[in-house]
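One chain follows as structure tokens, the form predicted on its own.
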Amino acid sequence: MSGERKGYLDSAYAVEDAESTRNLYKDWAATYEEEVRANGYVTPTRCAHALANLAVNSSAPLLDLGCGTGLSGEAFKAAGFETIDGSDFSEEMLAYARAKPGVYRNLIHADLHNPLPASAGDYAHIAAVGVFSPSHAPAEMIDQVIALLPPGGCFVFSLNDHALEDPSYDQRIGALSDAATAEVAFREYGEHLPARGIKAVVCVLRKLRGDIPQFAPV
């Protein structure tokens, strides 16, 4: 396809275990942004706009899981979110996120295969942009995130074409919806990496059972 740039992206879709994923992002950190931008990566902006259209209070705290070098944080900041914490399992990627002044309040080194780096009620909303894949973040993480949110809180995430091949993600979304634990407030299939011809679903799950909380600015 015209405009396609190759590099670590091919490896990213081929890794099959957590250790291989960790090593990939360690090696990729220095050129990650250049490569994904060259391939037209638009998912952070799509996720940020979807959440901004549903969030009641943009000053309420947001957790950006798997924030990498901070592209997603920049997108949420541009969409009006004021208080953003990020987490990632790669110290090398986090070093680049730390170098972006004014984007993140806190940055946390955390592996998504372990308990999530938050307690219930810490964040009004949570994001996982470009994170879900069987080797990186399993479908069960969707339940863990919803458990952390207050009623009315939103979880925005993406599922690219590769992730959509695994039915477990949509099964978890369906189970939460059927149980009236969360509702699908937004779902749209669109561009992800246009130069690669790869698309993604952007989904926002809103936790049910209660009023939307009002968070004081931090």
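Since we're looking at a predicted model, the values are computed, not measured. All residue numbers are counted from 1 along the displayed sequence.
Although it is not shown, the form predicted together with a small molecule is what the next lines describe.
With the partner removed from view, the residue among I126, I142, L71, V103 that has a non-hydrogen atom within 4.5 Å of the small molecule in the model of the complex turns out to be L71.
Residue contact check for D111: one or more of its heavy atoms lie within 4.5 Å of the small molecule in the model of the complex. When contacts are judged by a 4.5 Å heavy atom cut-off, D88 counts as touching the small molecule in the model of the complex. Contact annotation: Y41 falls within 4.5 Å of the small molecule in the model of the complex, judged by heavy atom distances. Within 4.5 Å of some heavy atom of the small molecule in the model of the complex lies at least one heavy atom of G66.
The candidate spot formed by Y32, G130 and H136 is fully in contact with the small molecule in the model of the complex: every one of the three has a heavy atom within 4.5 Å.
Contact with the small molecule in the model of the complex, judged as any non-hydrogen atom within 4.5 angstroms, is confined among 90-98, 143-151, 118-126, 77-85 to 90-98.
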